[in-house]
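Only one chain is included here, represented as C-alpha cells and corresponding to the form predicted on its own.
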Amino acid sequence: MKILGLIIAVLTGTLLIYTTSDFPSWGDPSSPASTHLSPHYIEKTLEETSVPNIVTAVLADYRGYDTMFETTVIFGAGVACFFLLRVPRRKEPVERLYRHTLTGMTLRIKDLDEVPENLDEFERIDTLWAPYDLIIKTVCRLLIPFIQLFALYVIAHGHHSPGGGFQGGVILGASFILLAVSYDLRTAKERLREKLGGILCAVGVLIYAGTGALCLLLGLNFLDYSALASILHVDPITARSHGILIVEIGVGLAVMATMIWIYDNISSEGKYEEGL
C-alpha cells in the first residue's frame, strides 16, 4: 500500500510539473493576467467595490470562491486534528501539583485523601511546568487585551488598509495561545471553551457561505454582494464593500478558532489536561 501511494504521488507530481510548461513566462507582460485581469483590478476596484485595498477586494470579492474554500480548508484542518488527536475520555493523573499563591511553595498530592484543608490557597499547576515567573505572567496579562484589540482593528479595517480576516484571525488566535503558554491550558480554556471554539470554527465558514447563499436568494449570483443593497439600504457599490467586511469577519472567526483548536489538541496530545 505504501508503494502504491508513493507511485501515485510521484505520477501526480510529474503530471503537475509537466503542465507548468504551458504557463506564461515569469513576469511576462503579454500574459492574460497582465493584459486583462491586473489592469482591470487596478483601475476599477475602487469604482466597482468602493474598497481602496485592491488585495482585499480581489480575495474577498473578485475571487470570493477561492477564499471561501480556503477558509473551508482551514476549518477542515482543525476538524482533522480534532478527530486524530482528541482523547474522548480523560484519565486522571496519578499525582497533582499545586503551588501556594503567596509563598510559591509546591505541594504534591498523590491521593485525594491527602488534600489539605487550605487547598483554596493553592493553584493547580502541571506536572510538566515552567518555573513561575511573575514578570512574564503580568506582561502577558497586560499585553493580551491590546493584541486582541489590534486584531479586531485588522479585521474591521482590512478592506481599507493592509489586513483582513486571515491576518486578524491569526493575531486573535495568537493572543489566546499566548495566554495558554504564559499561564496554562486550563486558564486559556476558561476563556474559550472547547465546544465554543468548535462552534466558532463552523460559524465562521457559515457566515461566508451564508452570505453567498443570501445573495442567491435575493436574485443575484452567489457572493455577488451588490444584492445586499436592498437589505443594508445602501447603493450596490457600497453593498459590495459591506459584503466584503461581513465575509472577512467570518474568515477571522474561523481562522482564530481553528488555530486555538489545533494548538489545544497538539499541546495536550488531545487530553486537554496539560498543555505546553
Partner chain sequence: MRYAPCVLILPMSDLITHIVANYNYWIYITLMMIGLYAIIAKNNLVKKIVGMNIFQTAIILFYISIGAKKGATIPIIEHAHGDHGAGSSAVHAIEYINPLPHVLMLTAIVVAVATLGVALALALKVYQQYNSLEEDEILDQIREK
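Please read these numbers as outputs of a predicted model, since none were measured by experiment. The term rigid core refers to the maximal set of C-alpha atoms that superpose within 1.5 Å between the two forms. Positions refer to the first chain, counted from 1.
Missing here is the form predicted together with its partner chain; even so, the following discussion is about that form.
K.L.:
So in the predicted complex, does any heavy atom of Arg193 sit within 4.5 Å of its partner chain?
P.N.:
No, Arg193 is distant from the partner.
K.L.:
Looking in the predicted complex, any heavy atom of Arg141 within 4.5 Å of its partner chain?
P.N.:
Arg141 lies outside the contact set for its partner chain.
K.L.:
Look up in the predicted complex whether Pro52 has a non-hydrogen atom within 4.5 angstroms of its partner chain, and give yes or no.
P.N.:
Looking in the predicted complex, residue contacts with its partner chain include Pro52, since a heavy atom lies within 4.5 Å.
K.L.:
Asp224 versus its partner chain, in the predicted complex: is there a non-hydrogen atom within 4.5 Å?
P.N.:
Result no; Asp224 lies far from its partner chain in the predicted complex.
K.L.:
Which pick from Leu152, Ala80, Ile136, Ile199 sits with a heavy atom within 4.5 Å of its partner chain in the predicted complex?
P.N.:
The residue from Leu152, Ala80, Ile136, Ile199 that makes the contact is Ala80.
K.L.:
Report whether all of Ile17, Val58 and Glu70 sit within 4.5 Å of its partner chain in the predicted complex, measuring from non-hydrogen atoms.
P.N.:
Heavy-atom distance to its partner chain in the predicted complex: all three under 4.5 Å.
K.L.:
Exactly one stretch in 201-209, 141-149, 80-88, 179-187 has heavy atoms within 4.5 Å of its partner chain in the predicted complex; which is it?
P.N.:
That would be stretch 80-88.
K.L.:
Within 4.5 Å of its partner chain in the predicted complex, counting any non-hydrogen atom, which residues from 1-35 show up?
P.N.:
Sequence-ordered list: Met1, Lys2, Gly5, Leu6, Ile8, Ala9, Thr12, Gly13, Leu16, Ile17, Tyr18, Thr20, Ser21, Asp22, Phe23, Pro24, Ser25, Trp26, Gly27, Asp28, Pro29, Ser30, Ser31, Pro32, Ala33, Ser34.
K.L.:
Superposing on the rigid core, I want to see if Ile266 changes position between the shown form and the other one - specifically a Cα shift of 2 Å or more.
P.N.:
For Ile266, whose C-alpha is compared between the shown form and the other one after core superposition, the shift is less than 2 Å.
K.L.:
Between Thr71 and Phe23, does the Cα distance in the predicted complex come out closer or farther than in this form, changing by 3 Å or more?
P.N.:
Residues separate in the predicted complex, at least 3 Å farther apart.
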